[in-house]
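Encoded as structure tokens, the following chain is the form predicted on its own, with no partner shown.
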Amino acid sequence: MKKSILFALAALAATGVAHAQKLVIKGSDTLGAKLVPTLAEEYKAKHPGVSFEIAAEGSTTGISAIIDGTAQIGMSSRRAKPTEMSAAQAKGVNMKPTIVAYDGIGIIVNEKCPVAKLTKRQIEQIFAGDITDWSAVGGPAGPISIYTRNTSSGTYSDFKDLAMNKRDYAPSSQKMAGNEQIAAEVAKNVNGIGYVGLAYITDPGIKAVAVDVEGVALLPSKKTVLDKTYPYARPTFYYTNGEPTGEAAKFLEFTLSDEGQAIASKIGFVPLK
């Protein structure tokens, strides 16, 4: 009798393990620091048998994880590069991007910095190292401290494309692991400047600088990103190997649902609808 009970319990345990689902998501800090963990918590509340492993270490790592088969979803704030597409094709991987929300890269300075706006040309020159003192752009004399994302970041690449005419960053620029780190460093340094996603532009100790586009000062906002007037707007993506299946497909569907997009909006992203 005892043996039959133990066997039944073991069978139930095995069934529970068999039905447990783990979703591995890797990549972008922009998506993975706030948005995807929040979506995951809401999803788990509706699907208690699902667990998540989320690693937000940069878009490059997310795309690589799809190519290597070490994640079901790769988060990315940029499109896959031709070299990455070729590497995927060589392994028989079909890199499928799905836009999940829109974002704007905001230029941030210390809240005590008197500079309220910069032209696109000035922004390029500052981050490329041509302009090194705040006095050159209407601020008080003082060396400009530049904070950027690290090289695995999609935002690092997108900012070069959108704001710097693909130029290299100034050798003096300091590379940070994520948006929160950039915001924290700029908040501590009155001479600091950096860039972050929309979800971080209201962090304490910093303020967003308007971008002067042909005489119009534009701040990053849901409106200026959605109407594409803000020059540093971009989509964000989930990458999968072909059409997602199983739990990955369900989580993608949840992200794109009205509920998922409402979460994205609340955190600071621009929803698709």
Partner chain sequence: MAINSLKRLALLGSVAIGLALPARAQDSGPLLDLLVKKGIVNDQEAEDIRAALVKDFAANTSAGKLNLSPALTEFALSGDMRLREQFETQRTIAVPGTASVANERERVRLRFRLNGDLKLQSGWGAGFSLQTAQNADSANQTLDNIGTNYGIYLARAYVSYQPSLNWFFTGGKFKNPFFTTDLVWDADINPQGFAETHTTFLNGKDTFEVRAGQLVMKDNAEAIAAGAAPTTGVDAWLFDQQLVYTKWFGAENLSDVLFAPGFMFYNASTITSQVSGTNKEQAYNGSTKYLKIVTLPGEVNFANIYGTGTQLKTYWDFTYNTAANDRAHQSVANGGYGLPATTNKGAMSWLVGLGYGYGQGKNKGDYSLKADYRQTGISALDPNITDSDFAFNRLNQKGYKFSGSYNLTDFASLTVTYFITSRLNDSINTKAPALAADPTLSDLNSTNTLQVDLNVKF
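As the structure is a computational prediction, the values presented were derived from the model and not from experiment. Positions refer to the first chain, counted from 1.
This next part talks about the form predicted together with the partner chain, which is not shown.
With the partner left out here, the partner chain still marks one of 173-181, 199-207, 135-143, 89-97 in the model of the complex; by a 4.5 Å heavy atom cut-off that stretch is 89-97. A residue is said to contact a partner when one of its heavy atoms sits within 4.5 Å of a partner heavy atom; L256 meets this definition for the partner chain in the model of the complex. E243 belongs to the set of residues with a heavy atom inside 4.5 Å of the partner chain in the model of the complex. Although the partner is absent here, K112 is not a contact residue: none of its heavy atoms lies within 4.5 angstroms of the partner chain in the model of the complex.
Though the partner is left out of this view, M85 does reach within 4.5 Å of the partner chain in the model of the complex, counting heavy atoms only. Against the partner chain in the model of the complex, the set R79, Y102 and D168 is in full contact: each member has a heavy atom within 4.5 Å.
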